[in-house]
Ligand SMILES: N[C@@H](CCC(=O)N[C@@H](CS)C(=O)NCC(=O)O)C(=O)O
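So this first bit is one chain, no partners, the form predicted on its own, shown in structure tokens.
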């Protein structure tokens, strides 16, 4: 598999980096700052965002999609349940839940803290966004109080996708009331190939 990953560091690109490393795939990494313009980046992502990837000559965007595809392409790495199994449906469930019900609230706060120009920021919903994140985090907390990992009780790409979000929440101080999630993130950080931010 020939892979070029656009995006480096501990942003959402870390999900893709970690998946590629766990799958044992060599890849070229291109930092968006090294590109000549946002227009150049739009060749790979219509919004000029990272991560994006070119896999065997075909562009793919969104970190969860990239990670899932890589895991599917390398079945010997056992990073994802087989298509058509209930465990695969659980993967889809947790990834969708993470992106829609947890990460979206964190991202809304981030957009209004440092992404948008100051005159366009809306800060009135910060507290509500954290509340909504924690409401959903309680669902993951209940599951991970009974399991070490999200699917089949083993490490999979699901944990890479969801773990990135929960580690972001940890760094923001939002996991203090969720001990199972705290232990889960520490298990992920202890993995040798983990690409999550540690500070």
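These numbers come from a predicted model, not from an experiment. Residue numbers count along the first chain shown, from 1.
The next section is about a form of this same protein that is not shown, the form predicted in complex with the named molecule.
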State yes or no: in the model of the complex, is some non-hydrogen atom of residue 62 no more than 4.5 angstroms from a non-hydrogen atom of the named molecule?
-> yes
Considering only heavy atoms, tell me if residue 115 and the named molecule come within 4.5 Å of each other in the model of the complex.
-> yes
Contact of residue 126 with the named molecule in the model of the complex (heavy atom, 4.5 Å) | no
Contact of residue 21 with the named molecule in the model of the complex (heavy atom, 4.5 Å) = no
Exactly one of 43, 147, 49, 171 has a non-hydrogen atom within 4.5 Å of the named molecule in the model of the complex; which residue is it?
-> 49
Heavy atom contact within 4.5 Å of the named molecule in the model of the complex, the stretch among 148-156, 49-57, 126-134, 25-33 = 49-57
Which residues within 1-28 place at least one heavy atom within 4.5 Å of the named molecule in the model of the complex?
-> 11, 12, 15
